[in-house]
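As a starting point, one isolated chain is supplied in structure tokens, in the form predicted on its own.
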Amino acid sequence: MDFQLSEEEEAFRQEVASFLDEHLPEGQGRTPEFQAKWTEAIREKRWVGFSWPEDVGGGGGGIMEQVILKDEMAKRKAPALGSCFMGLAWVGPSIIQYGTEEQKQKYIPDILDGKYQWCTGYSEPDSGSDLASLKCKCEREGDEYVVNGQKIWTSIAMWSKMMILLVRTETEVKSKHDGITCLLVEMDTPGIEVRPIKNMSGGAMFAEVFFDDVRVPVENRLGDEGQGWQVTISALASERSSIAEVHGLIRKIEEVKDLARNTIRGGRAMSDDPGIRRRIAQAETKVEAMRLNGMRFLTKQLKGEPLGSETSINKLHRADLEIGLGELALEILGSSSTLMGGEEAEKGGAWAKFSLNWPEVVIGGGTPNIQRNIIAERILGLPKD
């Protein structure tokens, strides 16, 4: 595939660059006032939900334009294209494909405007990698569904207004993938309890969510009853090539390089240590592998070919980098590496916190072992584990 931009694509890239020059000048502070103006500007350009159909408020953009937009934004460390991450990543695409007209009119504008957050009620204590084995029970009573059960590792549930929830509406099924239904649930519905799960650094991105006779209107069902698995697979398949993530990892490697240059131990800069230099080079190699693999995935999209499991390779590399770069930074810092605050802590303990925050990225979306199984079975053709 020739990735030289066409005249139209280059013109679009210049449009994005000019927009960033105007709306993201050097040294611009990320104040609430700036964020409000930024959101208004990108919504006016229809760059939030850029690839969504125009008739639902999206930009109707093509694949290559979407890559150009995300790439230019990532290079300049621009704020996100929209503030409702999960709504834009998979809830919105699911509603566009499976939702009723009433659901589209009710939810899509708010997702594009970032009026509130969505969380995802998928994983359960015994149903993580094997999501189709979920047991959260749901029974229909007239015009309502009654939900009982538990979800876990639910990101941002504490401050989300809505949840896209998978429940089991039928237990006597031929396949565990059958009998699953998708519901759109308001988080302030009586019977829902959210318990934050603290991570190693003291933060709490994940939560447990309990459902005790939670009543959800049937009109909040997304897709047909028993169609939940198809809705979920379609939503998760909307993930793209992850090329833009490469820029963030490159910046993190540059931060590690600066740390190594400015950390003196035993009379010399840690950047002169052959072991440190080798590990930085290995990290850069993995990032380049991610970029090239993303281009392979993009090539298939542009050719209209069926998409495989190449993103699992990038997910695995990123997990390794998130853990490895944190560990490398702590080794460079030496005895001060464990300080989480105070005058002696490097950047207020930012590296110590970074080294402890990896589960949110590494576990979310499938653990490294899950990604290895996907690669082994679907790409290498090895026997199923």
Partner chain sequence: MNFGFTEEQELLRAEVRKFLDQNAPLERVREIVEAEDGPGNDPALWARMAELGWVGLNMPEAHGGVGLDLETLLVVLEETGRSLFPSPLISTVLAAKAIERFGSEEQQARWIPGLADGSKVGTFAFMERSDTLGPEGVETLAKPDGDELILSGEKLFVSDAAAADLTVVAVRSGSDAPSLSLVVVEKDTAGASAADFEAMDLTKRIGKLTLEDARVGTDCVLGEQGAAWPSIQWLLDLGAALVTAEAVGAAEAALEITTEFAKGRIQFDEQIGKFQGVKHPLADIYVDVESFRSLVYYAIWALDQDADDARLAVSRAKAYCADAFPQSAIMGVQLHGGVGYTWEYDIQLYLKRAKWVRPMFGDADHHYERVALLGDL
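Positions refer to the first chain, counted from 1. The model shown is predicted, which means the values in this text are computed figures rather than measured ones.
What comes next is about the form predicted together with the partner chain, which does not appear here.
This chain is displayed alone, yet in the predicted bound form one of 130, 288, 143, 102 has a heavy atom within 4.5 Å of the partner chain; that residue is 288. Of the listed positions (325, 48, 333, 316), a single one reaches within 4.5 angstroms of the partner chain by any non-hydrogen atom in the predicted bound form, namely 316. In the predicted bound form, the partner chain lies farther than 4.5 Å from every heavy atom of residue 363.
Proximity of residue 296 to the partner chain in the predicted bound form falls within the 4.5 Å heavy atom cutoff. In the predicted bound form, residue 24 stays away from the partner chain, with no heavy atom inside 4.5 Å. Within 4.5 Å of some heavy atom of the partner chain in the predicted bound form lies at least one heavy atom of residue 377. Contact check for 8, 11 and 115: none of the three has a heavy atom within 4.5 Å of the partner chain in the predicted bound form. With the partner left out here, the partner chain still marks one of 153-161, 206-214, 83-91, 272-280 in the predicted bound form; by a 4.5 Å heavy atom cut-off that stretch is 272-280.
For the partner-free chain shown, 369, 372, 373, 375, 376, 377, 379, 380, 381, 382, 383 of 346-383 come within 4.5 angstroms of the partner chain in the predicted bound form, judged by any non-hydrogen atom.
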